[in-house]
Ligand code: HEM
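Have a look below at one chain only, the form predicted on its own, in structure tokens format.
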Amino acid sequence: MDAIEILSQLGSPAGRADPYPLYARLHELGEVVEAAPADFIVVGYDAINAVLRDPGFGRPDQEIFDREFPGWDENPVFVQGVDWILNLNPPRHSRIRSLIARAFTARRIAAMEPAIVKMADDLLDAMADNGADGAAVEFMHDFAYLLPVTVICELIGIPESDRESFRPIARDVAGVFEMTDAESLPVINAAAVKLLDYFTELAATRRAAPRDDLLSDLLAISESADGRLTDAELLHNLTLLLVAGFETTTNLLGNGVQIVLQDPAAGEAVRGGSVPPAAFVEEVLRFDSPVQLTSRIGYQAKVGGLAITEHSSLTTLIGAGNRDPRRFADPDVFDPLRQDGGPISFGGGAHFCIGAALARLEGTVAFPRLLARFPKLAAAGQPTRRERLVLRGFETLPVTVA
């Protein structure tokens, strides 16, 4: 099977459901595969790491959009997206990310742990009540979604009464990362407009009456004299923080629970204390990464023995890198105590995920509490995967807890 056929299968429903056998075949072809002229697929761990850390490889930004996607600015989600730190190159990326990082501090994240513990316990209480008679509980909605969305909304400063309505809207916006046809654009655009309108109104409220939250701090930074963050940059990146802040962690939680359901010994090891929660989280991130790929624009360089050309396209398959047999012994075995850990699930270099510490904290709080609370946790029917390749997770994951 050649690279083109493998990549074609990755885009199929079966390939999206389980890409790992196809990743294994790509590994047999080398660390980097040229799928077409100036179109490279990077699958090796070391090669991906090198690309993500090399500032010479850029992100597809507004300049690329202007050249390759005429009319892009007629779509609100793209207008917002060209301001997302995810899609920026220096010097704009450096300026905006550094300003956001001033408010998104390690101290602020660490201080949220008691609140996250309470949120998790409250959700577990509700799951226990709903499943007390042996009835199935929908883990994705009742916990995996609600915990991260509550946490990111609490961090940003979104009122509790508004939070539940964000799920469908934010999920629609997240569709832009997977978009394979223009037919999905109207729904994505409509959701992006709703979020922008909401954040515009909330920002006005916080300007009038600041609180101890991320939005108030970002507004103070944007209005300071040094390195001003424009209103558009602030509001557009709030959408990114909201969407990325719960989508990826929701997938982390769902993927981790599915691993436990398929391998109860893994859950028992966390429950019994022989596996530290942080090690379990890291292995979930490696074994079934919530984000499977990202992209870069090339320059004259060599990666994995291949010559990369200027303006070429590179797709770094993070999910494949995390299963690279050159880097990990028995890569298809879930082993939280492995000595060769170190997933690249949060990226690397200048674009390393700004919310990585928050996602890890939520996972290390949630998994041990869930497993201790429900020692009889079991599958209650077939789960359904979301038909996505970039953001890998479940749509439904029914379980019993008693």
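Throughout, we count residues from 1 along the sequence that is shown. Just so it is clear, the model here is predicted, and its values are computed rather than measured.
From this point on, the text means the form predicted together with the named molecule, which you will not see here.
Listed residues Pro368, Pro343, Gly355, Pro336 were compared with the named molecule in the model of the complex; Gly355 is the one with a heavy atom within 4.5 Å. Checking Arg171, Arg206, Arg271, His93 against the named molecule in the model of the complex, a heavy atom within 4.5 Å turns up for just one residue: His93.
Contact check for Pro290: a non-hydrogen atom falls within 4.5 Å of the named molecule in the model of the complex. The named molecule in the model of the complex comes within 4.5 Å of no heavy atom belonging to Lys194. Although the partner is absent here, Arg323 lies well away from the named molecule in the model of the complex, with no heavy atom inside 4.5 Å. For Thr248, a non-hydrogen atom is located within 4.5 Å of the named molecule in the model of the complex, even though that partner is not displayed. Contact check at 4.5 Å (heavy atoms) against the named molecule in the model of the complex: all three of Ile152, Arg296 and Ala350 pass.
Note that among 111-119, 258-266, 70-78, 235-243, the stretch whose heavy atoms approach the named molecule to within 4.5 Å in the model of the complex is 235-243. Contact annotation for 87-105: residues with any non-hydrogen atom within 4.5 angstroms of the named molecule in the model of the complex are His93, Arg97, Phe104, listed in sequence order.
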